[in-house]
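Next up: just one chain, as structure tokens, the form predicted alone.
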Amino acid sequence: MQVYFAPLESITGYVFRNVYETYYGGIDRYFTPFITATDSRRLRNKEMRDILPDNNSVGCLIPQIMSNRAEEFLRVADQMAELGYDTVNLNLGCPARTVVSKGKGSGFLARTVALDRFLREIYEKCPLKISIKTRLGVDDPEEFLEIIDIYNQYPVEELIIHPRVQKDYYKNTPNLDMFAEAVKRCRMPLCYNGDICSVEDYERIHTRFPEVSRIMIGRGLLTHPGLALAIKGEPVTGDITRIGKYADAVCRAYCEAYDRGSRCFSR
């Protein structure tokens, strides 16, 4: 089983990722909090610091891009290629109102014609592999049946599915029946994301979907830092002592980054 660390805005930046990897690890892929593609030809300083290879000591890092305009997405993807990345992730999952109101994140899923046109252009022109992180739709899980048909037209590197709709935010329960439809219909590799906070949660998903060999965890790894290791069957010994050292190291790393003038708390 491959375990991915979900991108959590303002939390899982490079300072946090590096410390987590040192004290726990067990993560096959980390994803950056989303980079907002805009008309500007330069990334914000905070975003550039987060994706610079020299700032990251984790094994595999995937930059995530937020955009609904192909030319902006492609411009950021070109910058990622110049930095040595070979894969980027498209954010079609963020449910925040400030994002959705701009037709981005999961808000883009309501505009299927525009989404199809956008995907056609980026998959034709992007020099990198593109994976997608998605929700089921905006209002109704049944929306995902049409969305699957769109995704299936393109060489999606992998599809990470959080089986909620935008209006759910993080409430209600993941719609596993619709995820089962995705398992049957999708042509690309799938990754499950949503409410895995314990080994028991993981085992329920793995038992129902044994053919899915990738999971993404976010909040569960914040509350249970050793969860990825536990899922992989590795004993997490001396956990109270380890958590204390880990928490101290996170605090120390942020203080050191701030002292270096990185301004990692500002935009």
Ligand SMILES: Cc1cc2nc3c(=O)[nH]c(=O)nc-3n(C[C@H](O)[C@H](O)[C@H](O)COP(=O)(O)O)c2cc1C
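All of these numbers come straight from a predicted model, not from anything done at the bench. One-based numbering along the sequence shown.
The same protein also exists as the form predicted in complex with this ligand; that form is not shown, yet it is the one meant from here on.
A.B. asks: Of these, 26 to 34, 228 to 236, 51 to 59, 199 to 207, which stretch puts a heavy atom within 4.5 angstroms of this ligand in the predicted bound form?
C.D. replies: That would be stretch 26 to 34.
A.B. asks: My question is simply whether Val3 lines the interface with this ligand in the predicted bound form - judged by any non-hydrogen atom within 4.5 Å.
C.D. replies: Contact check for Val3: no, nothing within 4.5 Å of this ligand in the predicted bound form.
A.B. asks: Is Cys255 near this ligand? Define near as a heavy atom within 4.5 Å, in the predicted bound form.
C.D. replies: Contact check for Cys255: no, nothing within 4.5 Å of this ligand in the predicted bound form.
A.B. asks: Please determine whether Ala247 contacts this ligand in the predicted bound form, using a 4.5 Å cut-off between heavy atoms.
C.D. replies: Heavy-atom contact with this ligand at 4.5 Å: absent for Ala247.
A.B. asks: Does at least one non-hydrogen atom of Gln166 fall within 4.5 angstroms of this ligand in the predicted bound form?
C.D. replies: Because no heavy atom of Gln166 falls inside 4.5 Å of this ligand in the predicted bound form, the answer is no.
A.B. asks: Under a 4.5 angstroms heavy atom criterion, identify the one residue in Arg69, Arg242, Lys46, Arg219 near this ligand in the predicted bound form.
C.D. replies: It is Arg219 that has a heavy atom within 4.5 Å of the partner.
A.B. asks: Heavy atoms within 4.5 Å of this ligand in the predicted bound form is the criterion; list the residues of 135 to 171 that meet it.
C.D. replies: If the 4.5 Å heavy-atom criterion is applied to this ligand in the predicted bound form, 135 to 171 yields His162, Tyr170.
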